[in-house]
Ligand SMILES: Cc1cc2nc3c(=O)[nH]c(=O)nc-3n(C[C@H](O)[C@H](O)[C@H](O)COP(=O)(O)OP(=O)(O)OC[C@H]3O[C@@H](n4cnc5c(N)ncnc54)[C@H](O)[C@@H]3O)c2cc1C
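Below sits a lone chain in structure tokens, taken as the form predicted alone.
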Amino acid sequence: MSLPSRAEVVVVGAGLAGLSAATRLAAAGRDVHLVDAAEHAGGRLATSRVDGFLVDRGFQVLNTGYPRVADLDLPALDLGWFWTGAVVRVDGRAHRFVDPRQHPTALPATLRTPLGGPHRLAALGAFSARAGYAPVSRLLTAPERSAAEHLRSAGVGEQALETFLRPFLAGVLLEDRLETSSRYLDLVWRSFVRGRVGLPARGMQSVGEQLAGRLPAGRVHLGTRVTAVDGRSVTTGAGTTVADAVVVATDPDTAAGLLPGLQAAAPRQVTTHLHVLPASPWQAPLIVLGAPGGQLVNTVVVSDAQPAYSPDGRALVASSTLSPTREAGVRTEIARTHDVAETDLEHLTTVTVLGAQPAATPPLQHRRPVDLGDGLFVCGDHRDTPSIQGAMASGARTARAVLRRLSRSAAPASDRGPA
């Protein structure tokens, strides 16, 4: 169904930011239409089937520590869970480093993980407690520096930094220099301390589809590319729709193209190689970190956490690198990391995601303006933080801003005050 010639609000972009804005506007009784060039709702959260296996667009997870995840119906997503922690390799030997709050029996092995000794583990625990439970306002006003400087000042030590923290965070931040803002690092670490990480039974795309399903019938227009916008209209190949407010909720590059002068970019990228093994080599659903000096950031048997990703009980392995890599160039490293034979690895597919997320280097530009004036709005993780949380929070902020504008426009002139 094509866009109507007239709508109260048009949201351009059906990623999590646009969906969050549109569902709030619809819940407030507004006539809102959502349009996207893609054939699915969810934006960068995309899932396909390859030989029966569920393959997300890169290794992605849903972190329940994000405050805006409360907007989702988690039971309906039927999440499968990873353990909080990781497998680290030191001198070729695998060690499980696990949050003992969820798995108390893992505490002895965790304490034996060679990350610098008890005082370094205590420093990491103190850092986690501060990030996890200090007020967010305090985290966002703390002195800002790079993530690497922040961790060193916390006293975690070089061994923990290089063996555990750098590869673990590289998979989250999509950069391994740890040049990300210390304030954003605190927010990210807070989410791991306070939440769990899981995968929906129908893939990460189902998160966006759940939100899209809350919109009235006929209000989601997929496969429709927008060519121009202003505060009063949206133009597609099928014509122009006049609106009282227009929200641009696309990826940063598309947003910058539609809104000249907007500063938005997503320089981070990631390549994920998917393999199939006859069976999982691990006893617990834990991410396995790449070794210092290697190409792998991490590798994980995703079907250990969410068995629905596999159609037949075989193990689905996702292995990520920060730079574009060929499967043949990392195959040996993947096999060695999992202690399996290379011949056991059946290559399923490789996914490279360019523009995977914006950078969050100092100074952290948190909560950028979303109201551009004259009925034009913009949202996305480039307006908040580069994460599912940032996208959804930005959409919520934008919906509130649109509702304020519509309320002012509807008020009698005598009630609006001086211009």
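None of these values were measured; they are calculated from a predicted model. Residue indices: 1-based, along the sequence shown.
The form predicted in complex with this ligand is left out here; the points below concern that form.
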query	finding
Contact check for L151, L161 and P167 against this ligand in the predicted bound form, heavy atom at 4.5 Å	no
Partner-proximal stretch of 47-55, 363-371, 22-30, 382-390 relative to this ligand in the predicted bound form, 4.5 angstroms, heavy atom	382-390
Sole residue of R225, H347, R145, H103 within 4.5 Å of this ligand in the predicted bound form, by heavy atom	R225
Close approach of V247 to this ligand in the predicted bound form, 4.5 Å, heavy atom	no
V9, heavy atom within 4.5 angstroms of this ligand in the predicted bound form	no
Contact of V61 with this ligand in the predicted bound form (heavy atom, 4.5 Å)	yes
Contact test in the predicted bound form: A356 vs this ligand, heavy atoms, 4.5 Å	yes
Partner contacts for 25-53, taking this ligand in the predicted bound form and a 4.5 Å heavy atom cut-off	V35, D36, A37, A38, G42, G43, R44, L45
